[in-house]
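First comes one chain, alone, set out as structure tokens in the form predicted on its own.
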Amino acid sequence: MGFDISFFLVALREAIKYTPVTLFLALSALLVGIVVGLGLAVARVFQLRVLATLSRVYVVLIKGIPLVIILLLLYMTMTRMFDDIAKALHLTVRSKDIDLVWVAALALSLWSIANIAELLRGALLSVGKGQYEAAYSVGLSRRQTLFRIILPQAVPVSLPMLCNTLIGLIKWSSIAFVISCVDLLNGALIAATDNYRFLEAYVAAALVYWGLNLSVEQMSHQLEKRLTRYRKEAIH
């Protein structure tokens, strides 16, 4: 059996059709990761007692568990809890009525928070301690120091790492097929269930993933060049 070009184009079309689902999973996880991860990173950098400890425990816990296990644990616990609560409240809706995209998005977000918290912490620590001391010496509060002095310097440092995280999220979103969530990969594979042309389906999905990640990398490169140029202009 040779490589079927005509079916490859069919699988490619199906993969492209479900690309918005993959982008939603990756971008929502990235956004949640940046917002919550920044809070965890700040808690550790500024040593905010209980929050710093909780942040450290969370990062160690999540980074030590494979993402697919996080996804499956969420899927099983959330569906069981939802059904129990629905029965207790005499609701007709059940877990089977939930869009599984949200379960996959939550699992990716939990993973994203831990990883982005660590890379943002590294970016914040890359700013010299003298910057903090100088800000405090002129009467700036911790909040003002963070948003006016530290973050503007840490963002360009973290940008390449955030780009790599987004690329990773786009690829990791493919595990959503484990819980039958129809994303880019699953869309291509479903098209192959009738004729078992899975090679063509995998190649089509790989091509779309490659195109997405190449686009992200190019946009990140352009943004990084612009930020670097602005920093040079600010220095002059």
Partner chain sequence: MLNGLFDPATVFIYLPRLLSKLPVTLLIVVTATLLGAAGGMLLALVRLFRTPVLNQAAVVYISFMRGTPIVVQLFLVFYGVPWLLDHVGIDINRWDKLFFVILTYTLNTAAFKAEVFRAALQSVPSGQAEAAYAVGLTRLQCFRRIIAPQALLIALPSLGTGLAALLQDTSLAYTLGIIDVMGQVHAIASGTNRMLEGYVGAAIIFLTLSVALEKGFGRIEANLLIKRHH
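No experiment lies behind these values; they were computed from the predicted model shown. Residue numbers count along the first chain shown, from 1.
There is also a form predicted together with the partner chain; it is not shown, and the following applies to it.
- Although the partner is absent from this view, V42 stays clear of the partner chain in the model of the complex, with no non-hydrogen atom inside 4.5 angstroms.
- Of the heavy atoms in K87, none are within 4.5 Å of the partner chain in the model of the complex.
- In the model of the complex, the partner chain sits within 4.5 Å of a heavy atom of L72.
- The partner chain in the model of the complex comes within 4.5 Å of a heavy atom belonging to I175.
- Residues V93, W102 and A192 are none of them found to lie within 4.5 Å of the partner chain in the model of the complex, as judged by heavy atom distances.
- A heavy atom within 4.5 Å of the partner chain in the model of the complex is found for exactly one of L48, V60, L27, L54: V60.
- Taking a 4.5 Å heavy atom cutoff to the partner chain in the model of the complex, the contacting residues in 200 to 224 are Y202, V203, A206, Y209, W210, N213, L214.
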